[in-house]
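Next up: just one chain, as structure tokens, the form predicted alone.
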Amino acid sequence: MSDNFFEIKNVDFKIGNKVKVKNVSFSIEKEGDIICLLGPSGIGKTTILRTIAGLENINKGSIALKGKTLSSENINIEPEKRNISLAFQENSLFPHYTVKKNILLGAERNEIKKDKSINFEELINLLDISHILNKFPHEISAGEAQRASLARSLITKPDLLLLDEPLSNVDQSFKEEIQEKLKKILKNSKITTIIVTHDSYEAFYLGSKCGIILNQELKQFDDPYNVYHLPNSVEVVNFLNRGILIPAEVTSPKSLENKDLGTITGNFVKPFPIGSSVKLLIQPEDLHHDDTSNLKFEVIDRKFRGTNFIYTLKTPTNTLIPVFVHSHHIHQHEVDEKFGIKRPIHIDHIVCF
């Protein structure tokens, strides 16, 4: 028997007879851990949540929580007996109940003891919905309905909380504050949580582990740092869109050569034979600006992100390279100007394919 708090082994997730994600295995080691699942729309993330909740059956593999099998080829525990809460992306509030009644409904129906439930006032303040408690679902915005649905799922303090795009309708100006408070209450209350999101920044902040689902497979399940900086496939690189792949030749166990950038040194994540032709991952943080450098490329775009700029540079081989520059950097470069890259180029973790 596994010691993991939650575990999925070799499961095909299906809707009807159509397999959405195949042969999935991952685990949550400790109670109170938060994991996030990332992937494009329609890939099967919601199907995974529905199946864990007991709304879809499986005919291969197993799903277990706290050492008890919930789903397998021969077992399917009823949803109401799993102590799992699922909050959908769309409005799932009962239209004939007030928001307050909707939130308290789960706790009342499941007869959750007071010492196990989360404080109602604390939840309402967390999600900033005190002003809508006496309103009906049709009288509130999509973002408010989403937060009310989240409150309903949280208040029962389930063994496992499943959140499907929980903040997709929340205003960006309010989202980071909600993320911070949500993470705090989940950790303080030790509510084990699986979050489906399309927002990689949200996943990297909330999740202790992140799973990337692409082309019907769980491509990578790892710490957020590793998913970002040490992607295990070209597919993950392209999905995250946080860098580019450029051609290079391995020249030593700690260096490689690119026609535009010259020699690049560092530590290979995976070793390649000397002379190998590879695709090198360059992320915006890998290169550093230097006005005095003799390695200069043309600026073709500049994006201001508040805390930083992302410059897009065009090389002589027409490769477009992104470079991160702190927003307090005094000398801002305009489109068509030349932009210097600091030499020698060293990347701590060299990722190649």
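In this text, residue numbers run from 1 along the sequence as written. Keep in mind that what you see is a predicted model, and the values were worked out from it rather than measured.
Just so it is clear, the following notes concern the form predicted in complex with adenosine-5'-diphosphate, a form of the same protein that is not shown.
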property	result
The unique member of Ile35, Ile43, Ile321, Ala64 whose heavy atoms fall within 4.5 Å of adenosine-5'-diphosphate in the model of the complex	Ile43
One stretch from 64-72, 288-296, 43-51, 26-34 that, in the model of the complex, holds residues within 4.5 Å of adenosine-5'-diphosphate by heavy atom	43-51
Touches adenosine-5'-diphosphate in the model of the complex: Ile15 (any heavy atom, 4.5 Å)	yes
In the model of the complex, Lys20 touching adenosine-5'-diphosphate (heavy atom, 4.5 Å)	yes
